[in-house]
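A single chain comes next, written as C-alpha cells; it is the form predicted alone.
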C-alpha cells in the first residue's frame, strides 16, 4: 500500500464517465482501441471522461483546457460529484470522494470545496450580501456572524458598498465577483472554477484573471480551473492539462507545453501564445554539460527562470551569449540568438 503524499490535495486515478445504460460495454470498446465517435456509433454510449489520472498539489493552480466537448466540464463536476463518476477514484486529502455517503459528501462541499460557475448562479431575489452568505447560512451560522464574514470577502474582491444591491443591478464582471466572494466566504481549501470568465467581455475578463492571481497570493488555495482559452491557461496555470475526447493529451507547465507540445492538437493551441512571456531561459538554453560554455560571454548573467522577454534586451545590448547561472552562481548553460529565435519561431 502506497503512502499518501501530504502535498497532494486532489488526485484522480483512472477516472471514467460514461453516459449510457451499459457503461461496461463502452469501456470494453475503448480498451479495444475504438475512439469516442466509433464507440458512440457502435454502442450508443458517450465517453465524456476516459481513464483520466492526475494530481494537484496544495496551493497549485491546475488548469484543464480543451475544445468544446473535450470533457473538461464533466471532469470538474466529477471531482465534487455533481456528476457521478462511472469508474475510478477521486481522492481529496487522501479520502476517496467516490466512496463518500451523502452526509460526508455534503460536509465536503460545505466546508472544504467550493465551485464558481460560468453563469454566476446567483439568486436574483437575494441581495448581494445574502448571496455571498448563502453557504454560511446553510451551515447554520448566525446572521450577524455570516454577514460579518460576507462583508470581509466582498471587500477582498472589491465590492464593498454593494452589499444591499440585487444581482441584476450589477454588471457581469461584478456579478462574477459576487460568485467568487460566495465561494470564498466558506473558506474552502479547494476551489473549482468551471469557465468562470468566458461570458465576460475581454477587458473585464483580463481584470478578473488579474484579480484571481492577486487573491491567490493572499489565499494560497488549491485551484482547479477549466477553460477553453489557451492564453488564459498560460496566464493562470502553474500546470496545464490539455484534454481531447475525454482524455488527457499532455500535462505540464506552461513553458513545457509551449516549448514541447506532444502533437499537432496541442501545438495548434500554442500558435498565438506570447512565447517571450511564457518561455523561460531554462527551456531554451544550451546546457553546459552538452555544449560547453562560450569563450566570450556577455558580462551579464541570467537565472534559469528568467523569461525570454527580459533576456532578449540583454542579448540585443551585448550581441554575445548570456551565461545562465544557478542559485550558487555556477554556470549551467548559455542562451544565444539561435536558441531564442528557434523558441520564438516554435521550431
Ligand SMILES: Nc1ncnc2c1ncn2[C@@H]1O[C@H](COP(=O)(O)OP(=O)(O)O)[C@@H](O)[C@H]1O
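Numbering follows the first chain given and starts at 1. Everything quoted here is computed from the prediction, not taken from an experiment.
The form predicted together with the ligand is left out here; the points below concern that form.
When contacts are defined as a non-hydrogen atom within 4.5 Å, none of 131, 165 and 171 contacts the ligand in the model of the complex. Out of the listed residues 30, 48, 281, 278, 48 is the one that sits within 4.5 Å of the ligand in the model of the complex by at least one heavy atom. Checking 291, 42, 68, 295 against the ligand in the model of the complex, a heavy atom within 4.5 Å turns up for just one residue: 68.
Interface membership of residue 177, defined by any non-hydrogen atom within 4.5 Å of the ligand in the model of the complex, is ruled out. Taking the partner from elsewhere, residue 19 is found to have a heavy atom lying within 4.5 Å of the ligand in the model of the complex. Although the partner is absent here, residue 270 is not a contact residue: none of its heavy atoms lies within 4.5 angstroms of the ligand in the model of the complex. None of the heavy atoms of residue 209 is located within 4.5 Å of the ligand in the model of the complex. Of the candidate stretches 210-218, 88-96, 68-76, 155-163, only 68-76 has residues whose heavy atoms lie within 4.5 Å of the ligand in the model of the complex. Looking at 84-116, no residue comes within 4.5 Å of the ligand in the model of the complex, counting any heavy atom.
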